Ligand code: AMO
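The data below hold one chain only, encoded as structure tokens and taken in the form predicted alone.
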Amino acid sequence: MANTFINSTFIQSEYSDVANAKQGDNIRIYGMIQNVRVTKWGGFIIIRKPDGLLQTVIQNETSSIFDENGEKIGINDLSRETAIILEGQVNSANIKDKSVKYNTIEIAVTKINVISKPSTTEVIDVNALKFSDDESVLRYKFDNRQVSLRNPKDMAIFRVSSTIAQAFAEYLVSVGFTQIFTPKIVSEGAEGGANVFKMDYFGKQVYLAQSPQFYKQIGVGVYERVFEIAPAYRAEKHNTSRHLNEFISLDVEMGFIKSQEDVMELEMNLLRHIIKTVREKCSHELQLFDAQLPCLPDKVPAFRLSEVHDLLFNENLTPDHRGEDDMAPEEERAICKYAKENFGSDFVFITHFPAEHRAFYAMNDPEDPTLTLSYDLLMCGIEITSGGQRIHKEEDYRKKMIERGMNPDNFRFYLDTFHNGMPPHGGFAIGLERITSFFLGISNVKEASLFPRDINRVAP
């Protein structure tokens, strides 16, 4: 017979909700000590909660502190990263330190019980960690990532990142999309080229997925509208502030489109919802970074690639890049500045990239088969999205594959999708780390990756 019973009430329900605490309330909370400041009369303890920092005040005469064994101790015996249960009264406050989220209240402590404490007296001071492009600073932070993430600004990054991902899914579900989960071990790379990670799979050579492209297209034939939030892998030998070898891709694919403009319109509506949600739910995090969310007007400018080359050259904004098959970084910055000054938009679409430099599944423009019905979306000088209309007929796929020296037999499962009928469709992908870093004004995208992976780093 069972002698243990599980209460259906969540165990933390006995603790108070700080977010809804009011002046005069007696509350009981748990948390980690972020910092301790001792004074003659007692001191201040900053408590780290999942949603931000909270200030508490200890008076020597009225506060009691007990260690793990129930022995009474003093505030000097408390250290950073100690887990505690705290009881006290909510008082009004006007806290100037913007790293403290709850800046209109503080807790007058009556009792603290230590639950556990660090095994070292030389605890990493996460409060002292800075945001810097200095390689030695970044290396230290990433080498100690399991602790450095406890820094208030680092915590804020991933609350924003989480909010973006939640808003992404929320909006798409609201307009009829189904979330799918696709394999990351694949037989062929969706993007082709050399930037795929190869691995041995029980004696067979396979790859880590560069993109869920094949599978989300298959999903369109089932659900019509699909999305995924998942890792993607690129074996690019870059070590810059803009590159990661593993990143989180926010992928969308939709069927029964009339043109790539349907996809572009969906993305604009999606981004408006994301920006609105981040503004409403992450005001504290935005303040920590002095961040201004980008301006997304009702109408977003769109230029063909060739038009951008001509415009920027004729306006003497960049050197001559006419005839090139992509945009130079200086052009990305210049066209975004032009869009902001002339259209009041921090976003700009660039369309009709050359067919030979786009993925094989990009649909060629019927009016000019040397170009594709594809686009990049730039935000504040950097590309955040690639998308467009896809090929939906099997014969067009086979023709394009053969032209590119690809063996259609290697893509049999993929081509069977179109052999059995598919609607016109298209989609796009957004890098979560990239859009998060842009929203917060972070210069290095690795700071927006929970545990970044680049050409030098596979741990922690």
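Start at 1 and count along the sequence shown; that's the residue number. Everything numeric here is computed off the predicted structure, so don't read it as measured data.
As for the form predicted together with the ligand, it is not shown, yet the points below apply to it.
Next on the checklist: Quick check for you: of 378-386, 136-144, 197-205, 120-128, which stretch puts a non-hydrogen atom within 4.5 Å of the ligand in the predicted bound form?
Outcome noted: The contacting stretch is 378-386.
Checklist entry - With a 4.5 Å heavy atom cut-off, would you call D326 a contact of the ligand in the predicted bound form? => result No, no contact at 4.5 Å.
Checklist entry - Is F349 a contact residue for the ligand in the predicted bound form, using a 4.5 Å heavy atom cut-off? => result Taking the distances in the predicted bound form, the answer for F349 is no, it never comes within 4.5 Å of the ligand.
Checklist entry - Heavy atom to heavy atom, is E315 within 4.5 Å of the ligand in the predicted bound form? => result So E315 does not count as contacting the ligand.
Next on the checklist: Please determine whether A429 contacts the ligand in the predicted bound form, using a 4.5 Å cut-off between heavy atoms.
Outcome noted: The answer is yes: A429 has a heavy atom within 4.5 Å of the ligand.
Item to check | Contact residue in the predicted bound form, from T372, Q260, S211, S161 (heavy atom within 4.5 Å of the ligand) | outcome: By the 4.5 Å criterion, the partner-contacting residue is S211.
Item to check | The single option of R242, R272, K337, H357 touching the ligand in the predicted bound form, heavy atom within 4.5 Å | outcome: Checked against the cut-off, the match is R242.
Checklist entry - Looking in the predicted bound form, is the ligand within 4.5 angstroms of a heavy atom from every one of K216, D251 and R390? => result Heavy-atom distance to the ligand in the predicted bound form: all three under 4.5 Å.
Checklist entry - In sequence order, which positions of 342-361 have a non-hydrogen atom within 4.5 Å of the ligand in the predicted bound form? => result Only Y361 sits within 4.5 Å of the partner.
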